[in-house]
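Let's start with one chain on its own, the form predicted alone, as structure tokens.
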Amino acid sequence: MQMISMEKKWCAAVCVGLSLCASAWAGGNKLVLTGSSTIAPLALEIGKRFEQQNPGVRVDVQTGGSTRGVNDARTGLADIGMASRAMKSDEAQVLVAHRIAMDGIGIILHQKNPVKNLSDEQIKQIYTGQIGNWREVGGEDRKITVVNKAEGRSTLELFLHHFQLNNPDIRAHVVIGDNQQGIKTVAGNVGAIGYVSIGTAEYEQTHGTPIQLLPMAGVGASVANVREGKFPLSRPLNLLTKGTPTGLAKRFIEFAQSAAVDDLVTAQYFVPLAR
């Protein structure tokens, strides 16, 4: 009986030890990234390549908007946050931003909309409800459907800042989350107007989605113009950590900032880092 009891204790100790080792192995070999829906597809591709080069490592990418990325990185719910904007002063006191690419935000209309240019003032008047029909800006007699981003999205914050608006000023007919929702909404409504990542919009255009990007301040909305610093509404794509990253997070960020992923950045129609 004593032998059996000792054997049970030994087995239990081994099982606990193996369980702890397994937990430590999983924790040390898994990265959780949350946040920006703009960055997420790129982070997913970078994560796949990182996994290939580091057998046994798993990279889990989740969306939810830049605000989620900031909050999750700050509270430790994510190893790395994703934010498609610069840090705010209070955020920068806790978080470290690691830029992995650049992007621009462009105004999109349906491909069949004959309007090819809008001034900043016209865009502002459309979004605040002062202009409600396309004929008022040289288009057809058609009601304008205003598509706006949901709160917590970095594109909304940048849009409001550029046009010097507050969110309550916006008279939206449709409120969407990620870029794909915005593109799908505009592509399905000839009278719609929205704003999304230029990289994502260019990608969709080349794959037959019926949208068009409008120039801003006379500068074409293109990845090339973002790269050259010409486009007025551009932003950094950042990975966020609470303090200086170490271990696996540090290795992943260094990989995401390296020339080894420039092809992935370009494939997503973003602008690689200058080196």
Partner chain sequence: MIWSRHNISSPSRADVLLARLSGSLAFAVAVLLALVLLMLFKESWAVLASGGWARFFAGEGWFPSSGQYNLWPMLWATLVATLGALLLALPLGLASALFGRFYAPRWLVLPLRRVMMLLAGIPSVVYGLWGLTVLVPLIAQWEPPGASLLAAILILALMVLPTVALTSEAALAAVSSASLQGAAALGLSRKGIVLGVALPEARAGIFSGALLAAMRALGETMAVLMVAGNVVQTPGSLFDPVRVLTANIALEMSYAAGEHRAALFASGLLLMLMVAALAWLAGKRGGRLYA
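Quick caveat: nothing in here was measured; it's all calculated off a predicted structure. Residue numbers count along the first chain shown, from 1.
Another form, the form predicted together with its partner chain, is not on view; read the next lines as being about it.
Student: Whether residue 188 contacts its partner chain in the predicted bound form should be assessed with a 4.5 Å heavy atom distance threshold; does it?
Tutor: It does: once its partner chain is placed as it appears in the predicted bound form, residue 188 has a heavy atom within 4.5 Å of it.
Student: Using 4.5 Å between non-hydrogen atoms, is residue 235 touching its partner chain in the predicted bound form?
Tutor: No, no contact at 4.5 Å.
Student: Do residue 143 and its partner chain share at least one heavy atom pair within 4.5 Å in the predicted bound form?
Tutor: Flag for residue 143 set to yes.
Student: My question is simply whether residue 173 lines the interface with its partner chain in the predicted bound form - judged by any non-hydrogen atom within 4.5 Å.
Tutor: Yes, residue 173 lies within 4.5 Å of its partner chain in the predicted bound form.
Student: Exactly one of 131, 87, 165, 150 has a non-hydrogen atom within 4.5 Å of its partner chain in the predicted bound form; which residue is it?
Tutor: The residue from 131, 87, 165, 150 that makes the contact is 150.
Student: Only one of 116-124, 197-205, 92-100, 174-182 has heavy atoms within 4.5 Å of its partner chain in the predicted bound form; I'd like to know which.
Tutor: Looking at the partner contacts, the answer comes out as 174-182.
Student: Let me know which residues along 39-68 have a heavy atom within 4.5 Å of its partner chain in the predicted bound form, or say none if there are none.
Tutor: Read in sequence order, the residues that approach its partner chain (within 4.5 Å, in the predicted bound form) are 64, 65, 66, 67, 68.
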